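Single chain ahead, by itself, as structure tokens, in the form predicted alone.
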Amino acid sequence: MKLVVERATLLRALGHVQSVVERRNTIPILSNVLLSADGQSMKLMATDLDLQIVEEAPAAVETPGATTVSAHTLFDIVRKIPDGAQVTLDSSGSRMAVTAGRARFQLQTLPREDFPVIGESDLPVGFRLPAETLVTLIDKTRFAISTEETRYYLNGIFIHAPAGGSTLRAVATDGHRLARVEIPLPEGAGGMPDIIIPRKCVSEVRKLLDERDGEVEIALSAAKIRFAIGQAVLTSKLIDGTFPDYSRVIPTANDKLLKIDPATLAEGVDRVTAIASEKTRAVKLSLDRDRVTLSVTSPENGTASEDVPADYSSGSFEVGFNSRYLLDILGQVEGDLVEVHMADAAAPTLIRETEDSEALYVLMPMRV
């Protein structure tokens, strides 16, 4: 295989595929990227056996062929080559020469026959989503994905179309907070299976969306999902598990309503938690008519408090939250008013912009 490719083109494609490759691998071939050249383009493929990405890039192909080479090493080399350079990749035997200007590298290769490929057949459900809609679904939920490996079925975003409804829902929870977003059901998504998209797949899709406008093609089955985003196609296995019935934890009768500017509340919480240690992340909200007093007590550092104006007309009330969890939720609220629906100091709290907003959040209180 021999080809010439522009440095910026190769760097962009390698940047997408190398992030799928784990830094530590017990199987040497999984540290590599599969490079194949044919016609007027090259393809780059990387996989960790659960997730696979393929990206196409224009190239001047002199000799068609394919080989595999260390993904991170090649990425680091191309990253350090001057912008505007033409990069020549020439592979023969067990070596690949990388040449750019006066710089020359000889890299070890492994046979392309050993490279594992995730099959993409039998994905019966297909639909399209605008890139910005998919960004909304991801950004408003992924912060609540659990990192606890024992409850593996919470390690992703749950996507489903409720029976008889006209919406598509994305839900994530770690047991302490829950995020749910609804969008109108895309054409072709009716009757789709309930799926859980793994955290790593969510992260890689989100990176690709940073450079993409227009629409994203999605195809899925009960076991796999494929995203076609520009020149990249990302295929992932889904989490084989049952997501819990999250609707049971969404409160419907919380009678204490606080209306407040989310930015003002977030800034106040951020200030008073400056004295908090890792162990004491709790912030206490003391509610009184038309104001909230935020306070933090740290055994090591002392105390802090701040009054924040708010619209609140119920009785005096105190509740505590994990400040980081509260800030994560407030960071997703786009309007200049947020509704916080509370019942008591131990009951789940409902947070949303309005009754009709596409996103709602549930936050469990802390004892303070």
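If you're wondering where the values come from, they're calculated on a predicted model, not measured in any experiment. One-based numbering along the sequence shown.
Keep in mind the form predicted in complex with a further copy of the same chain is missing from the figure; the text below concerns it.
a further copy of the same chain is not shown here, but in the predicted complex it comes within 4.5 Å of a heavy atom of residue 264. Though the partner is left out of this view, residue 185 does not reach within 4.5 Å of a further copy of the same chain in the predicted complex, counting heavy atoms only. Under a 4.5 angstroms non-hydrogen atom cutoff, a further copy of the same chain in the predicted complex lacks residue 120 among its neighbouring residues. In the predicted complex, residue 153 stays away from a further copy of the same chain, with no heavy atom inside 4.5 Å. The chain is drawn here without a further copy of the same chain; in the predicted complex, the stretch among 233-241, 219-227, 96-104, 281-289 whose residues come within 4.5 Å of it by any heavy atom is 96-104. The three residues 76, 274 and 300 all sit with a heavy atom within 4.5 Å of a further copy of the same chain in the predicted complex. Interface residue among 311, 38, 307, 336 relative to a further copy of the same chain in the predicted complex, by the heavy atom within 4.5 Å criterion: 307. Proximity to a further copy of the same chain in the predicted complex, taken as a non-hydrogen atom within 4.5 angstroms, holds for one residue of 81, 131, 110, 195, which is 81.
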